[in-house]
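First, one chain by itself: the form predicted alone, in structure tokens.
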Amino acid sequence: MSVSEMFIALQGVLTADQDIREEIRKVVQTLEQTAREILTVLQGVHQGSGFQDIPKKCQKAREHFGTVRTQLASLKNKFPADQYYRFNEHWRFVLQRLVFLAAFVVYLETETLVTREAATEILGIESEREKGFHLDIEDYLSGVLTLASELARLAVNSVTAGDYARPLRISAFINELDSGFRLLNLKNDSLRKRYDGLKYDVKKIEEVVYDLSIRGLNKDSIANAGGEK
């Protein structure tokens, strides 16, 4: 084979790779759009009247996750199954965002932390690497850390809306989450930096709870924190 023939063959490989990446980018763009639509729905809970509509907003968000599952099913077919890590930088960010949105929905519904397995079920992907298109543990944890920041914001807006019990429940949840992360030996630099931000979320929520305490607004809230949600 001549040098020219070698480089023609190499160009064929490069072109095929570029075509795959372009197809992946197209699907990822649709995923990003759906993620924005879900976020728009869920952002309504931060408004004064949003607390009364939480079940309705969660149901609407879950309907959008049906679209997410279809889009992710399409994405799986855009590249060879054994080359997940060759291309995963294209969808990693949006997948983390979708995990956060799934976690936010589950929290709003049950005030519990979504498991990695439950998140993959919502997204319609696998939890185990061996089974194909899957959710890495690091991506799951990144999504959970984004949830912590969102709940810190929700705690503040709950007070504005006159819901003084919710910040106490959020505080208990975030402290438990922080304790869980302290058990991990994080080697991923990006994930470790994001975890460093969790302490600020904890502090922000503690300030909200302290403010309620000194204003005497948490007396009835403490009694009701474990009751009606």
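A residue's number is simply how far along the shown sequence it sits, counting from 1. Worth saying up front: this structure is predicted, and the values here are computed from it rather than measured.
Note that the form predicted in complex with a further copy of the same chain isn't included here; everything after this is about it.
Engineer: Ala73: heavy atom within 4.5 Å of a further copy of the same chain in the predicted complex?
Structural biologist: Flag for Ala73 set to no.
Engineer: Indicate whether a further copy of the same chain has at least one heavy atom within 4.5 Å of a heavy atom of Ile54 in the predicted complex.
Structural biologist: No, Ile54 is distant from the partner.
Engineer: With the partner left out of view, is Val114 within 4.5 angstroms of a further copy of the same chain in the predicted complex by any non-hydrogen atom?
Structural biologist: Yes, Val114 is a contact residue.
Engineer: Test of understanding: in the predicted complex, would Gly180 fall inside 4.5 Å of a further copy of the same chain by heavy atoms?
Structural biologist: Yes, Gly180 is a contact residue.
Engineer: If you look in the predicted complex, which residues in 137 to 152 sit within 4.5 Å of a further copy of the same chain (heavy atoms)?
Structural biologist: Read in sequence order, the residues that approach a further copy of the same chain (within 4.5 Å, in the predicted complex) are Ile137, Glu138, Tyr140, Leu141.
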